[in-house]
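A lone chain, given as structure tokens: the form predicted on its own.
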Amino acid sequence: MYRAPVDEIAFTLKHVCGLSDLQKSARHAELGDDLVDAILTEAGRFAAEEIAPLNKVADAHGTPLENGNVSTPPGWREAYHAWIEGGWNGLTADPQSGGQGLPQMLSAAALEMWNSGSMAFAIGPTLTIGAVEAMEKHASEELKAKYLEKLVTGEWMGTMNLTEPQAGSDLNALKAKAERNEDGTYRIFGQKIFITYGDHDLTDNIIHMVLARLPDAPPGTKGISLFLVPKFLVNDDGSLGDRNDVKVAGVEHKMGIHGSPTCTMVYGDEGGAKGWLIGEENRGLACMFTMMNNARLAVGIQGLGVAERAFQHALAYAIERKQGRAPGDTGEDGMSPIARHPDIKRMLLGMKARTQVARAICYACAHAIDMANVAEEAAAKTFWSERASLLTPIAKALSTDFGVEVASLGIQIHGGMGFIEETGAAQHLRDARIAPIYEGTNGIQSIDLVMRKLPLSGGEHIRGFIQELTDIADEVAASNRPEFGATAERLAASLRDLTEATDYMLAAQADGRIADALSGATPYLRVAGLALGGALLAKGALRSANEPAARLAERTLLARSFCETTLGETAGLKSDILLSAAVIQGFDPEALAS
């Protein structure tokens, strides 16, 4: 059973992450609180009533490949068509293309609930939305006229084709080929693996976004182009024509997200798949990153969605399951619900706090993207673009790590029954485990943060960001609320750790000690994410003064628990960053195998 936490989502959007800033902009002036609440309520209803009941069914059924075609689990097609009839696919798309033009913040909130309903379901439409974004920004008007509206509505779905057997995260190794045709189209040849929703029966056409190289392309990533390759060719009148020279060669048998078909795609076995260039030749990576950057936030939201589902699952079990007698409990039958035992309380509180941290960070990232989109002055646009760039790797990596941690705790709370598939607790962990891997592993996110995002504006953006978080810690201290406990002190200490680690990283890069910076990249991202998370939880508690007393107490307790228990990690992580480079670089893994 899943219940969408609409009230908490709405509060986080409005009072923690700055939705009101967007409501003041000309673009979103008509986005009132009543409309926001209506959208969230209906998205939550659909997730709970239409998607969530299919999650376990899809996990057991999978996506079989028969006679060259992939079929989706029972109920999947009906749920998807109800979803597109509700207009959800075009939530943020340009109204001129049939979209609703709503901000990314609302899309993030809805996406959280759909991922809680079923991560395997939500990932398919996520890629279609990414294809829409790439086409809106880079495709020719002719291609937009033929394909965009049906992608916006969801009548057709989109995919992202990057990975090849020899090329995982290293796009320099891509070998898929493109050859020019005299009519301005291209012939595409090659194999792509791990293609999410590469084939399925949800829509009558699938629009593949494929990276490939032209014969005269320069080496490396500077020689990659992006092509639109439909499963079925589209006639001038919009009707479907012949099947293109693209086929699904296999479906992966995965650890989790069994309801999502992960395909091996083969292009050009019969003379070349017909494709159309997106953007300019040899500039496909820029087009693809339009999809990937927002997709990285979307994957962070997957971690959040699974964490919320796993928490609710574990909480319900802990309240129902009786075992032993908790201290001070006088239950008549001599046993207490395990939710009353201190160790279970600790785990449940940790699950809840991590989930709310992931929610606040993902929504803050979406807010930065929206602010960059609505900013009219160049300085403001630069500021918010840099803030979105800074937060994206943190949102992706920390939220997906937390998704795994929360799902694992959920199994622990179930005890032995958590290890049994019957309870469903194990599925959450199996599903969550892919999120730290795809759309750029979390190690790559850490490298991106340290090497590309910290130096923005000469390092001044990250320093200003830390000051904003310090202001929140100061506000907690000035509130003189005893129920905050040591929140202010712990938060301030974590921010000092983050400052020292940031100084080290920037100095290492300035001195050319790149290996030193890379050695500490992963712990650095976690320090930044934990400090940010503690600050956002504290901000939520500070902004709850006008909320019901129970809500105020809950948010204060959540902030206090996270700051007094989890934020202590930053000291050890800082030590790792400052001291471990020589040890890591001195380690020779190949010597162990000799």
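Numbers follow the displayed sequence, beginning with 1. Note that the structure is a prediction, hence the values are computed from the model and not measured.
What follows is about the form predicted in complex with another copy of the chain, which we do not show.
Comment: 417 to 425 is the region of 230 to 238, 77 to 85, 417 to 425, 496 to 504 lying near another copy of the chain in the predicted complex, near meaning a non-hydrogen atom within 4.5 Å. Interface residue among 140, 382, 408, 221, judged by heavy atoms within 4.5 Å of another copy of the chain in the predicted complex: 408. Taking a 4.5 Å heavy atom cutoff to another copy of the chain in the predicted complex, the contact residue among 296, 200, 352, 274 is 352.
Contact check for residue 57: every heavy atom lies farther than 4.5 Å from another copy of the chain in the predicted complex. The shortest heavy atom separation between residue 181 and another copy of the chain in the predicted complex exceeds 4.5 Å. In the predicted complex, another copy of the chain sits beyond 4.5 Å of every heavy atom of residue 99. Another copy of the chain in the predicted complex comes within 4.5 Å of a heavy atom belonging to residue 253.
Each of 311, 337 and 587 comes within 4.5 Å of another copy of the chain in the predicted complex, counting any heavy atom. For the partner-free chain shown, 165, 166, 167, 168, 169, 170, 173 of 159 to 180 come within 4.5 angstroms of another copy of the chain in the predicted complex, judged by any non-hydrogen atom.
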